[in-house]
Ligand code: DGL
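Below sits a lone chain in structure tokens, taken as the form predicted alone.
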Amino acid sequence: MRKAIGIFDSGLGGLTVLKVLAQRFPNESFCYLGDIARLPYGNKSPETIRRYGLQILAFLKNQNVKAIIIACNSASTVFLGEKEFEGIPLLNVIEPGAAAALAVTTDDKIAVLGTSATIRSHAYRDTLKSMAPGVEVIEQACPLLVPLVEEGMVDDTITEQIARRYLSEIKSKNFSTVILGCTHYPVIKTDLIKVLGEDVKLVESGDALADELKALYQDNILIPDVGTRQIRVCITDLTDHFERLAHKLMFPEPITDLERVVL
């Protein structure tokens, strides 16, 4: 059986990561799990997020995946430092995202946008400080942005107004590098740029994770597969709205199979 790369997120935002990885690794198959039924993770306790995460990791293991990417930033904070799950390589978004931000910043001033759970954990701040003690970090929780993305309110005046409310301090302090610490946020990148300006560098999870995944192949931890490629998207609640949004977020990459699963 062909082994896929597993990816999970609290909702459909992680499809922004899947799309990048599908383009960077055109011969690989992927199995994505979006936990729509329990979205959002950002307002839940670390204990609950970890319990959900372990259920999803077990599901993906049963799909015979060869590596698992925790695309969800909130979940990444509770699995930070864990490099495998029952023998399967495990990647999270925090460390690659922090390293990518440090690589592009020109003034050592980095802002982090995230869910309440991600910001409350200070995972990005602590990781950035461990990599570059002199870096200045500002953190901003943006809890309303995830449901706006899940509702498809992209390039929308309401989304822009809410983003303006959240980003006012970051803009006033002229932070030039911003980590999009939630996989939903790249979907509304246009709205964020309207507020922050064209010159601000936005660091996304997809590209950073692609580099991490590439390293696993270079170190022969993962072996490239051959055969018929599949991009399978599993979500824990399936409606016509979510189905349309999934295809829209993945375009032009095709979804081979879209199905509802029970964990």
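Bear in mind that the values here come from a model prediction, so they are computed numbers and not experimental data. Each residue number is its position in the shown sequence, starting from 1.
The same protein has a further form, the form predicted together with this ligand, not shown here; the description that follows concerns it.
- Exactly one listed residue, out of 213, 234, 39, 202, brings a non-hydrogen atom to within 4.5 Å of this ligand in the predicted bound form: 39.
- Comment: this ligand is not present in this chain, but in the predicted bound form one of 110, 188, 91, 146 has a heavy atom within 4.5 Å of it, namely 146.
- Within 4.5 Å of some heavy atom of this ligand in the predicted bound form lies at least one heavy atom of residue 118.
- Stretch 65 to 73 is the answer when you ask which of 217 to 225, 22 to 30, 234 to 242, 65 to 73 has residues with heavy atoms within 4.5 Å of this ligand in the predicted bound form.
- In the predicted bound form, 9, 10 are the residues of 4 to 28 with at least one heavy atom within 4.5 Å of this ligand, listed from first to last.
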